[in-house]
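First, one chain by itself in structure tokens, the form predicted alone.
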């Protein structure tokens, strides 16, 4: 079996794709990459369909050994890459590009230097068995991906047998939206009526700090208290990635990819889907602001992002907001 052997797993590395959309009515979170646009870029660089399974690297990356004649890999994100060939010669490679490795080569991903996550795609994808139509690892549920967990030393990552040949390496400058440092756009609601006017104003004007208790389920934010008009709980209803819940602590929680499908805290706003990737790049201690926009603006932002991906897939570029 052609594979990548995991020599060191990194701090938290898991198999992720674009998740399981359409199953929330069954209580199944979409899951998948915490930063979907960067996963899609890694796959574009590798020559894969944008939603193919890849490795999500958090904080620091793994060291992998090639157990195949050749394999083409691509990294999207700011992460140092060290190479050691089968003869022991060492070198470096660039992020935001692809490279072809040979049998016995070792690839070491260093600390994620900017943001929290990076994505390593393999031409042809990582051939783990899909669960409910997806290869994504559900770390809380313990299923999907590679035995439902993060990588461990000694794991073998099976490679698709019909992956494309190496060569024709690709490179991309970090996209404009990846380095964008503006506010995260959010639409008020669906329960903004449960909050005072002062709370809505604070949400949009305060600086918020990502706390260390944040994970793939959600970002817990520190900042001023957001006052409820009444009770801090509601009858449990539907939640989505991007839902900004405010529990009794009066500090917001922004749900991410592994966030639950229902919840009993009122949601003051919902992050525009085009900005969900930006949330997945925030590490503990990072600061952020929210900008409240209407639904039409959020839809336009998403259309612009998809147009940018379409242009890159055709070999050009665009500039989404």
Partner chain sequence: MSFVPSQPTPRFLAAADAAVVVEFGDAVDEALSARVLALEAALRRRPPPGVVETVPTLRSLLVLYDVLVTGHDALVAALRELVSGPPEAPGGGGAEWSIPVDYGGEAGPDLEEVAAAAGMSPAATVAAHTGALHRVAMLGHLPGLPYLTGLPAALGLGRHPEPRVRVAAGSVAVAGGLTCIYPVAAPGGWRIIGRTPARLFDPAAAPPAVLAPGDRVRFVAVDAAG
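Residue numbers count along the first chain shown, from 1. What you are looking at is a predicted structure, and each value in this text was computed from that prediction instead of being measured.
The form predicted together with the partner chain exists for this protein as well; it is not shown, and the discussion that follows is about that form.
S.K.: Choose one stretch from 269 to 277, 249 to 257, 282 to 290, 48 to 56: the one whose residues place a heavy atom within 4.5 angstroms of the partner chain in the predicted complex.
M.R.: Of the options, only 269 to 277 has residues within 4.5 Å of the partner.
S.K.: Scan 83, 206, 156, 234 and let me know which has any heavy atom within 4.5 Å of the partner chain in the predicted complex.
M.R.: In short, 234.
S.K.: Taking the partner chain in the predicted complex as the reference, which of 182, 104, 189, 110 has a non-hydrogen atom within 4.5 Å?
M.R.: It is 189.
S.K.: Mark residue 262 yes when one of its heavy atoms lies within 4.5 Å of a heavy atom of the partner chain in the predicted complex, and no otherwise.
M.R.: Contact check for residue 262: yes, within 4.5 Å of the partner chain in the predicted complex.
S.K.: Is residue 23 close enough to the partner chain in the predicted complex to count, meaning some heavy atom within 4.5 Å?
M.R.: Looking in the predicted complex, residue contacts with the partner chain include residue 23, since a heavy atom lies within 4.5 Å.
S.K.: In the predicted complex, does residue 298 have a heavy atom within 4.5 Å of the partner chain?
M.R.: It does: once the partner chain is placed as it appears in the predicted complex, residue 298 has a heavy atom within 4.5 Å of it.
S.K.: Using a 4.5 Å heavy atom cut-off, state whether residue 194 contacts the partner chain in the predicted complex.
M.R.: Yes.
S.K.: Would you confirm whether the three residues 8, 12 and 96 all fall within 4.5 Å of the partner chain in the predicted complex, going by non-hydrogen atoms?
M.R.: Not a single residue of the candidate spot has a heavy atom within 4.5 Å of the partner chain in the predicted complex.
S.K.: Pull the contact list for 109 to 145: residues with a heavy atom within 4.5 Å of the partner chain in the predicted complex, in sequence order.
M.R.: Residues within 4.5 Å: 131, 132, 143.
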